Every structure is written in structure tokens, then in C-alpha cells.
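Shown here is one chain on its own, the form predicted alone, set out as C-alpha cells.
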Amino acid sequence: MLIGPSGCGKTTTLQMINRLVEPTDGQILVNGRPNTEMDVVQLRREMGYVFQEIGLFPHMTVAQNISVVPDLQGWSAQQKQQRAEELLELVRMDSDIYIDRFPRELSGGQQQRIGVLRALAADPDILLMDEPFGALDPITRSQLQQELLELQQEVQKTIVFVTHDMDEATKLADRIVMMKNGHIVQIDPPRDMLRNPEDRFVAEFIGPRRMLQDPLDVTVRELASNGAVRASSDLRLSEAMKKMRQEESDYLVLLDGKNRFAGLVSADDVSRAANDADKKTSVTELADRQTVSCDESVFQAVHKLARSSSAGLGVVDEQNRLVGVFTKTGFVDILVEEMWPREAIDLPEED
């Protein structure tokens, strides 16, 4: 996510990627190759682009709008029709109903969905999105943000997304690039930027005490710790104890052979079991497998954690892949920092 105030260079940066604006200095590498060495027409055809204004062709049907780039690439009529139907199903728009409609027959949200599908039609590796939901009402915007997250789980594209909305950035981003006056101020995952803004400008752009003001709008993804010590689920007790001592960690996050969340186990549980069981025993049977969706609100996660005897919850996506962990101690640390920021009460620096 590229974010910052108006005029900071977000859209210009986006347009330099596909050379709608030519860079005057430096390089932009696409798959390791400077984009200035590529044929500009081919470069643009290999990148999807979604505008805030949508820009659907009013005289074309939904199928024809989706198929603009495939048509330029010489796809057959059958291929274009099949691709349009597939993409409509991805965003839960019945192809039998919508495929032959014109843009004027669609709502604003439906038109924006078609704009996204048009950018995806030729299956590009990179998707450029310039404030695509900025002109929509809050309810439709929230729906489309959630649909984009779900769509990304399906299509797995590299997305460069311009926004001026911090809530949108923290909800959608893996990494946020904060910009000011044509310069990058900070690049970090949402949680790190929220907790450790680089300077006063970033802190003011984020806004004070965001979690306390809007707990229902802050997702677990934003606050989940991704620095947890990870280990294979077939680890023996003695190996688990050794790893936790070496990493100075109170718990381990266990992953199965497909890198999916297999549970969370505490040092206390491993220590007790090691005194009573064979050293070759696996830690899997000790693990707490409670999870929370990365898109749930912190408010919901805290209620779930409060009713749990576990030290924390695994934060996972729809495929049960680990996004991070949400622990009781970690949440208390965040809450204390939100309520009483260190700089506000002049606490001494920690060692």
C-alpha cells in the first residue's frame, strides 16, 4: 500500500511502474529487470490497472469490458467468454445475469468489481490499483475491501495499491509505504507502523489511540505478532525445551508439514510433560489449537482469548496458514502503549 497526503507522489510512483510516467532517474525492476528495457506496450498488457474512476466502456457489455486485454492479445471468442464467466463467479456475480449487461445497468459497486476483473482478465502477475474504492459509499467500500482480500487468496497476485485512508491500508496491506513530498518516510507491516511510527508526521497520519477509538475496525492481522518462534509439530519434548531456552521464548508456534498452524505450546506445559513422560513424546498432543481469523476484529479476538485457558491464539488465514499469534501478554503490552504512550509519560528507555 502506498499511502500519504495528496500530492505526495503515490499515483506518480504507481504510473512509473508501467511507464505511464517515465522515471527521470533510478530504476524500477520488474522480475529483476529494469522496466525501461521492456517494450512499453507489452509491459502494460502484462500488468492489470484499476482506476478510481473505473473507466468501463459504456457501449460494451460486461463480458466485452472484461475481455479488453485478452481481445488485444488475440484470444478466441470462446476463451474470452469462459474467462469472463470464471471471473464473475470469483466475485459472486452470476454470469447468467450480468455477463451481457451494460455498465449503466450496474450499481457503483458492481461497476468497480468489473473494473477489477478487467485488470485480472489476462492473468497478469502484477496488479496496480489507484484508490479503486475511494468514490464508493462506506458500506460498499468495506464490502469490496473484504472481497479483495478473499480474491487475493484465490489469485495470489502482487498488488501495488494507492490509498490515502489509513484504515484501508491497515486492513489490506502486507506492507505499507508511507510517503511525504515525494519521499518514502517509512516502510513496514501495518502492525509495526502502528506501534512504532518513524516520526511525528507518521504518528499524526495514523491518528492517536486508533485501537481505543475504533476497536471494531482494528483487525487481529494488524496486531498479531509474526516474530513468534516456530517449530515443526513433530518436535520432541527435549528438543522443544532446548529451542525455547535458546530463543528465550515462553512458547512455540507449531507448524505441520504444509506450513499450516498446528498449535501453540507453552514452556510450562512442555516442562511439566517432560518430567512425567518419555523424552521422545511429541509436543503435538500438548498444543492448544485455538485460532482466530486474521480478519476478525481485535474486539472479537479479545473476547475469545478471555474465555480461553491458552496463553494465545493462532492467527490464520482461510487456508489455515499462520499469519501470526495473538497472546494475552502481547495484547496487554499493546493496550498499555495505546493508553499510556512512553513519550507521553516520560518513561526511561528500556535496556
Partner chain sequence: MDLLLSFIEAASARQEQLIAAFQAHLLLVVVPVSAATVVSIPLGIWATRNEVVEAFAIGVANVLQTIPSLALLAIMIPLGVGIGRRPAYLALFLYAILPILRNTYTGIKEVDEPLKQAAQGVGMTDLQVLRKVELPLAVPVIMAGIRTSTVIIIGTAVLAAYIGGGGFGEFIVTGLSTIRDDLILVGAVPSALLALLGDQLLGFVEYLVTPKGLKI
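Positions refer to the first chain, counted from 1. Just so it is clear, the structure is predicted and the values come from calculations on it, not from any experiment. Note that the rigid core is defined as the largest set of C-alphas that superpose within 1.5 Å between two forms.
Keep in mind that the form predicted together with the partner chain is not shown, yet the notes after this line are about it.
Which pick from Glu204, Asp71, Asp137, Glu247 sits with a heavy atom within 4.5 Å of the partner chain in the model of the complex?
Contact with the partner chain in the model of the complex is made by Asp71 alone.
Which listed residue (Glu37, Glu318, Glu53, Glu285) meets the criterion of a heavy atom within 4.5 Å of the partner chain in the model of the complex?
By the 4.5 Å criterion, the partner-contacting residue is Glu53.
Going by a heavy atom distance of 4.5 Å, is Arg104 a contact of the partner chain in the model of the complex?
Yes, Arg104 sits close enough to the partner chain in the model of the complex that at least one of its heavy atoms falls within 4.5 Å.
Answer with yes or no whether Phe57 is in contact with the partner chain in the model of the complex, where contact means some heavy atom within 4.5 Å.
Yes, Phe57 is a contact residue.
Lys304 near the partner chain in the model of the complex, any heavy atom under 4.5 Å?
No, Lys304 stays farther than 4.5 Å from the partner chain in the model of the complex.
Taking heavy atoms only, is Gln15 within 4.5 angstroms of the partner chain in the model of the complex?
Yes, Gln15 lies within 4.5 Å of the partner chain in the model of the complex.
For the partner chain, considered in the model of the complex: do all three of Arg195, Lys328 and Val332 come within 4.5 Å of it, counting heavy atoms only?
Zero of three within 4.5 Å in the model of the complex.
Heavy atoms within 4.5 Å of the partner chain in the model of the complex: which of the stretches 24-32, 39-47, 293-301, 308-316 has them?
Checking each option against the 4.5 Å cut-off leaves 39-47.
After fitting the rigid core, is the C-alpha of Asn35 off by 2 Å or more between the shown form and the other one?
No, shifts by less than 2 Å.
Does Pro58 move appreciably between the shown form and the other one, meaning a CA displacement of 2 Å or more on the superposed rigid core?
True for Pro58: a C-alpha shift of 2 Å or more.
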